[in-house]
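Before any questions on how it binds or moves, here is one chain, the form predicted alone, in C-alpha cells.
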C-alpha cells in the first residue's frame, strides 16, 4: 500500500475521499499516531501529516520514528513524502517542483534510528541512494502526466540534492553559500531522519519537493512568510493532482 506524508501546506487532502481514521500505537510515543485511510476511485492509500493535523509540530520536534513505524503497521510498503523547500539551484524558482535523488543531513539531536537497543548485533543500512529509484520514476511519470492532462508547463527538476537543516529558523546567507558549495540544490527541515527510518524498515521512499522561496541570500529581497504561503497555496493543487496520479500508477502494479 502507498502512504503519503504531507508537509507544510499539506496537512490534509481535500480532493480525496476519506475512508477511515486510524490511531496507531507505537513503541516510540505515549500518544497514538493518527493517520487517515483515503481513496481515489477504488484505490486506497494512507495519509499522515508529519506536522500534525493543525501544522503545530515544528520540524525538530516531529516524532519521525513513531510516524514511520505507524505507517509500517498500516502495511504501507511505499512512502511518498511531500516537502516544502527553499530553492538553491537556479532551476528551482518558487513554485517549481523537484524529485531529489540525493541528500545531505545537517540536522542534529533527532531520534534517528530504530537500531539502538536490544540488538542481537549492530545493524547498518546501505544508504548510498537514499531515495528509491523506482518510486522516484513513478513520481516523475505522474508529474509529467499531470502536466499534459492539465495542459500546464509546471517546472520539474528530475533529481538534485536535498539539504536537511535543523530548523525551525530559516538559514543564514552564509549557511546557504556553504550548502551550495557542498553540492546541495534545495534546503528543507524534514527530509531526515525520515528517509533513513523508512530504509531501516525496508519501505520504498521518495520525495516530491515544492520550492516555496529562494534560499537565503539568493534573492535581493528578504524571505517573506506571506509570499511563501502564497506559493504554497498555488502549488499544492498541482501537488495534489500529482499525488492522485501516483496513487493510480502504484495501484496497477
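Just so it is clear, the structure is predicted and the values come from calculations on it, not from any experiment. Numbering follows the first chain given and starts at 1.
One more form of this protein exists, namely the form predicted together with a small molecule; it is left out here, but the text below deals with it.
Among heavy atoms of residue 170, some come within 4.5 Å of the small molecule in the predicted complex.
When contacts are judged by a 4.5 Å heavy atom cut-off, residue 72 does not count as touching the small molecule in the predicted complex. Taking the partner from elsewhere, residue 85 is found to have a heavy atom lying within 4.5 Å of the small molecule in the predicted complex. Remark: residue 67 does not count among the residues lining the small molecule in the predicted complex, judged by a heavy atom distance of 4.5 Å or less. Interface residue among 212, 192, 46, 206 relative to the small molecule in the predicted complex, by the heavy atom within 4.5 Å criterion: 212.
Distance criterion of 4.5 Å from any heavy atom to the small molecule in the predicted complex singles out 165 from the list 78, 165, 138, 146. Comment: 182-190 is the region of 33-41, 197-205, 47-55, 182-190 lying near the small molecule in the predicted complex, near meaning a non-hydrogen atom within 4.5 Å.
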